[in-house]
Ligand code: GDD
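So this first bit is one chain, no partners, the form predicted alone, shown in structure tokens.
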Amino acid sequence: MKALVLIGGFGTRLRPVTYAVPKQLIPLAGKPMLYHVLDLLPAGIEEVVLATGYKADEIGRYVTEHPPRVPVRMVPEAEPLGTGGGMRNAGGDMSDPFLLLNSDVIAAFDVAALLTAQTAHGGIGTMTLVEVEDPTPYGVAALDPDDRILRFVEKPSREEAPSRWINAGLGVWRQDVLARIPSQTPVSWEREVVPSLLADGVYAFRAQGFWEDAGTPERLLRAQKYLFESGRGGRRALPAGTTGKGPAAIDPSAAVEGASFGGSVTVGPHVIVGAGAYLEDCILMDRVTVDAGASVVHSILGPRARVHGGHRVAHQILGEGAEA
């Protein structure tokens, strides 16, 4: 079996960091978001195909320099094709069936159980759904008593939402769905393709456990906290010469002696944190500088950002080279 991972979009909700870095390479709990998505894959996946667009070269370079546990092949698109068009562009030799994943989903799902559900139903595909309080930012499903999806509405108003069960960005599909997507044409998988497949039997796999669409600063930091709490992706004790509680994922090349840590902190390569500085619930990407006595809480700092001594950065996202 193969897996197709959708890496489209420009990461607009995570700007200005994503002007410099694709969101899939933003580190959470010590490793890029994309690698946490790949951790969901069950044993036996033969290959992962990355359907890439924005900053594809940077993603390709990182994957080459840091090979994941599953063989990965990239298929870039020459121009934005949407989620459906990206699938068609990259899915020429998918397995039957194949897994489909969004690249910003941090979750604790039983993918083996999803595959079993697809075999049992025998329809054209099975979508993982999660129940949320507010379904309006997502694709929402109406279900019959056998969990067959009767209707699928992308980003409805509260009045139009048929339920609170939403697309969690993970599914398993028969290969022939790809042939139904026009070639080299911008198409939305969620708005245009999925509704057209319902007559062929699309079923729901109602997932339990943690799920987060890590596409905004708040959700990104919430996902990182979950990863630390669940022991996934880089729980480490604080290094000698620091104080606080952690957990924190601190690159060995970072200089943090004299700093103090709250929980859920990622410190990237060649970061410098001065004595008396305080970090909590934050992400410091490569070559960030936090001067002595400064503090960073509930924030994301892009490459080479700097926080000057005595300053406090809270609930902010700083882009590459920004100063505060």
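Residue positions are given as counts along the sequence shown, with the first one as 1. Keep in mind it's a predicted model, so treat the numbers as computed, not measured.
FYI, the form predicted together with the named molecule isn't displayed, but the following is about it.
Heavy atoms within 4.5 Å of the named molecule in the predicted complex are found in exactly one of 245 to 253, 118 to 126, 196 to 204, 136 to 144, that being 136 to 144. A residue is said to contact a partner when one of its heavy atoms sits within 4.5 Å of a partner heavy atom; T52 meets this definition for the named molecule in the predicted complex. Within 4.5 Å of some heavy atom of the named molecule in the predicted complex lies at least one heavy atom of G8. The named molecule in the predicted complex is not approached by P97, whose heavy atoms all lie more than 4.5 angstroms from it.
Although the partner is absent from this view, E190 contacts the named molecule in the predicted complex, with a non-hydrogen atom inside 4.5 angstroms. In the predicted complex, every residue of the candidate spot (G82, G86 and S103) has a heavy atom lying within 4.5 Å of the named molecule. Think of it this way: in the predicted complex, the named molecule has a heavy atom of just one of V172, I149, L220, A168 within 4.5 Å, and the residue is A168. Contact residues in stretch 195 to 214 (any heavy atom within 4.5 Å of the named molecule, taken in the predicted complex) are W211, D213.
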